[in-house]
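Before any questions on how it binds or moves, here is one chain, the form predicted alone, in structure tokens.
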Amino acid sequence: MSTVRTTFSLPARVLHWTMAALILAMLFIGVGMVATVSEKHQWLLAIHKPLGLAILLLAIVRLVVRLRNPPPPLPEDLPALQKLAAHLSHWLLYALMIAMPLIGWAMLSAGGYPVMLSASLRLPAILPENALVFAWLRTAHGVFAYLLFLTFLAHMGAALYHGLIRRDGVLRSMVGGQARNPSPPMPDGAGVVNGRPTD
């Protein structure tokens, strides 16, 4: 008898919540960077670069973990459109988590700015200096930041929808513990409220 995975793997869960905190911090730091021209701007910029590189590396590790450990299936009764939206938003998040740091790195390289991770650790440039490319990448970095913020909000909204309204075990599959049972044998009427299985 084959078993159906009902929770994400432990590495996937650790990476998920760690990266959620890092991305949330990064978004607030980004907002702070464009909102101030005081000495705090340099302080925020010094955090922004190594944090972006950490997100890039963790996103690559997370992608490998996901490909090696497929996630649990979505509830069978979830509408097809919502399943499609869930899959697309997840892959969009992966794309943005990898693209955003790379675009920022390329932008600084094209602008001739040093990419310093600390006072003595400098990353090599990945593009030659070019003012026009710098301008394009700067615009792309800002647009993608808004897209990442909106996708992040949609992801949180979907998680709350599954956890508080549908209560179908999707949120618990990422939190850990006992999640949804794929095929529970139930007597007539047991475990059913308003025509839906209880969580």
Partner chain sequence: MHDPQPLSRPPRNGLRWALIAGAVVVAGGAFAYVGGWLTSHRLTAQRLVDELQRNGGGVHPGYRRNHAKGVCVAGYFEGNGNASAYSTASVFAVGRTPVVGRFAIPGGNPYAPDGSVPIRSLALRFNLPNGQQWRTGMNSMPVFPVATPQAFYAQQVASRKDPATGKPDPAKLAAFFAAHPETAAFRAWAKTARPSASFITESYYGLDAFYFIDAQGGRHAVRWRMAPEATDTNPAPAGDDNYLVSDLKQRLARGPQRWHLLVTLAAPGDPTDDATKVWPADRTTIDAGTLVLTGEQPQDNGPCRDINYDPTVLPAGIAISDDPLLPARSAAYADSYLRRTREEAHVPGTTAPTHAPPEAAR
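Since we're looking at a predicted model, the values are computed, not measured. Positions refer to the first chain, counted from 1.
Just so you know, the form predicted in complex with the partner chain exists too; it's not on screen, but the next bit is about it.
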Proximity of residue 172 to the partner chain in the predicted complex, heavy atoms at 4.5 Å: no
Contact of residue 156 with the partner chain in the predicted complex (heavy atom, 4.5 Å): yes
Residue contact check: residue 128 to the partner chain in the predicted complex, 4.5 Å heavy atom: no
The partner chain contact at residue 139 in the predicted complex, heavy atom, 4.5 Å: yes
Option touching the partner chain, based on a heavy atom within 4.5 Å in the predicted complex, out of 57, 47, 63, 34: 34
Stretch 41-60 - residues with a heavy atom within 4.5 Å of the partner chain in the predicted complex: 41, 42
